[in-house]
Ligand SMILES: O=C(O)CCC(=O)C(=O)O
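The data below hold one chain only, encoded as structure tokens and taken in the form predicted alone.
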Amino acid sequence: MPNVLTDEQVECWRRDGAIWPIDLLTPEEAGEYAKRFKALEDSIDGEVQDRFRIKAHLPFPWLWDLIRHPRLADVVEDLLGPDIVCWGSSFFTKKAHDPRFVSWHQDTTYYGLEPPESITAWIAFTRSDTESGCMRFIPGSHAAATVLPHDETHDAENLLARGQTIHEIDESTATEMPLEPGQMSIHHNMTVHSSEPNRADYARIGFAIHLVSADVRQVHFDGALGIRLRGEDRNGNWTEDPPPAYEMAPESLAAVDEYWLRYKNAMPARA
């Protein structure tokens, strides 16, 4: 029996490769996170999602605390078991009337995880719906035996690092995952998913947390870092992430940049 999720939600996860909506934060708490994000965005040159990649939580105590939210761990334990590691986090944001999009893809394409069993909790700081370009997915696509071919388009309006795209998707089978502020969705790293441009008058701000069972390991490079959220890492697959001493501490900023460089350089090319 699951501890937090219902039997129906667990069955939906096994069948479809995604579940939503799951309440995590109150609308008021989500609003505070959106304000913190906006203040951060106003304080730096460029975009937050470009500056802080793969381990966006490292320089920010408020994101570190969000990753360690006990209800998040409770939900993930129902899906992954008792030994849980957060190995990464990323922002996915679209400004109001933003033409950018996320193409059809599978997360596992570049992750370098064995076995390839990672999940992503996508937390909405603002409303994510049809108008603002919410995530959509192909139910059951996580059950594919292999990763589908991805074309690296490097499209400037694609929010993915290489514009990686799966072509010839039957979009008539796609399902949207709308979320209210404070809710989250969870999808498997093999689940084919995408999102459309933001046609709303407000920004769509989402924070993605990437999680695995501790027995999953990084095979693209040595010295993988993570946050052990619950249970044990019996095989020593993950070295603990360095917690931030304070917001934007120089050593935390350097850690983000160093890890992103390692991760980016280890990404295999995909035809």
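From a predicted model like this one, the values you see are computed outputs, not experimental measurements. Residue positions are given as counts along the sequence shown, with the first one as 1.
Although it is not shown, the form predicted together with this ligand is what the next lines describe.
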Proximity of His150 to this ligand in the model of the complex, heavy atoms at 4.5 Å: no
Touches this ligand in the model of the complex: Asn198 (any heavy atom, 4.5 Å): no
Any non-hydrogen atom of Met135 within 4.5 angstroms of this ligand in the model of the complex: yes
Any non-hydrogen atom of His142 within 4.5 angstroms of this ligand in the model of the complex: no
Contact residue in the model of the complex, from Met190, Val76, Val102, Cys86 (heavy atom within 4.5 Å of this ligand): Val102
In the model of the complex, the residue from Gln183, Thr120, Thr109, Thr126 that sits within 4.5 Å of this ligand by heavy atoms: Thr120
Partner-facing stretch of 241 to 249, 214 to 222, 32 to 40, 201 to 209, counted where any non-hydrogen atom is within 4.5 angstroms of this ligand in the model of the complex: 201 to 209
